[in-house]
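Consider the single chain below, provided in structure tokens and representing the form predicted on its own.
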């Protein structure tokens, strides 16, 4: 008996330019022309890109607020044999953009997933940072609320790797202030409007970048690359400052804070606990 079920379609993960339209690959253009459907973060934005390259493939919206619901529709169409290209407004889907939900579920159901290489703001900024260390830690967007943002930053204080963040212009000043307060005055680079007409790469200390942000000309999207901290940051007084910070800004218990800081800093848990006892009240 013949199996009448259709062969499943393929989900293509297609990066799009982060600014300069010439940065799209020939393979990406071919895939966008050949698939049955393009799932876009914002169809109005993506239509401009497709019109520029003369691509008439049908579009469907796939934005974060409807990611799970619209994902089921895409998965059903893939199961029926349609090939679908997943794109975001700029850069690579699933990297600080919608996409991970439908990709994860497609893989779970055994549907073919094909990723294409292409534009990514994080790697573009890192290539211009001139940091020779092996590897970097991509964080993307931190929480918008100050307390949660500082809590996340506190877990990164002792990372041996450069840290790569994304930030929107209206939050930049508060974000840089928190970086400075939690990480210390490290060397950093901001990359603004990458690949666009008014691209700007500015290297300075975090305090210098904060001063620059206060001039009020923070337009466009930012990538912030922060150099690793020096060994001098792991000192007893820094442990005390971290204990006090966790006491005042988190819901962790004294024991949980002691356990976390001991693990993060490679210190004796009992010593950290005793220090925390002195400061907790």
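Positions refer to the first chain, counted from 1. Quick caveat, the model's predicted, so the values are computed rather than measured.
Not on display, but discussed next: the form predicted in complex with S-adenosylmethionine.
Undergrad: Looking at 206, 121, 129, 74, which is the one with a non-hydrogen atom within 4.5 Å of S-adenosylmethionine in the model of the complex?
TA: So the residue touching S-adenosylmethionine in the model of the complex, by this definition, is 121.
Undergrad: Sort through 196, 148, 202, 170 and report the residue having a heavy atom within 4.5 Å of S-adenosylmethionine in the model of the complex.
TA: Filtering the options by heavy-atom distance leaves 196.
Undergrad: When S-adenosylmethionine is placed as it is in the model of the complex, which of 66 to 74, 252 to 260, 50 to 58, 219 to 227 ends up with heavy atoms within 4.5 Å of it?
TA: Comparing against S-adenosylmethionine in the model of the complex, the contact stretch is 219 to 227.
Undergrad: Whether residue 99 contacts S-adenosylmethionine in the model of the complex should be assessed with a 4.5 Å heavy atom distance threshold; does it?
TA: Contact check for residue 99: no, nothing within 4.5 Å of S-adenosylmethionine in the model of the complex.
Undergrad: I'd like to know if residue 91 sits close to S-adenosylmethionine in the model of the complex, meaning any non-hydrogen atom pair within 4.5 angstroms.
TA: Yes.
Undergrad: Counting only non-hydrogen atoms and a 4.5 angstroms cut-off, does residue 18 reach S-adenosylmethionine in the model of the complex?
TA: Taking the distances in the model of the complex, the answer for residue 18 is yes, it comes within 4.5 Å of S-adenosylmethionine.
Undergrad: Is residue 136 close enough to touch S-adenosylmethionine in the model of the complex, meaning at least one heavy atom pair within 4.5 Å?
TA: Because no heavy atom of residue 136 falls inside 4.5 Å of S-adenosylmethionine in the model of the complex, the answer is no.
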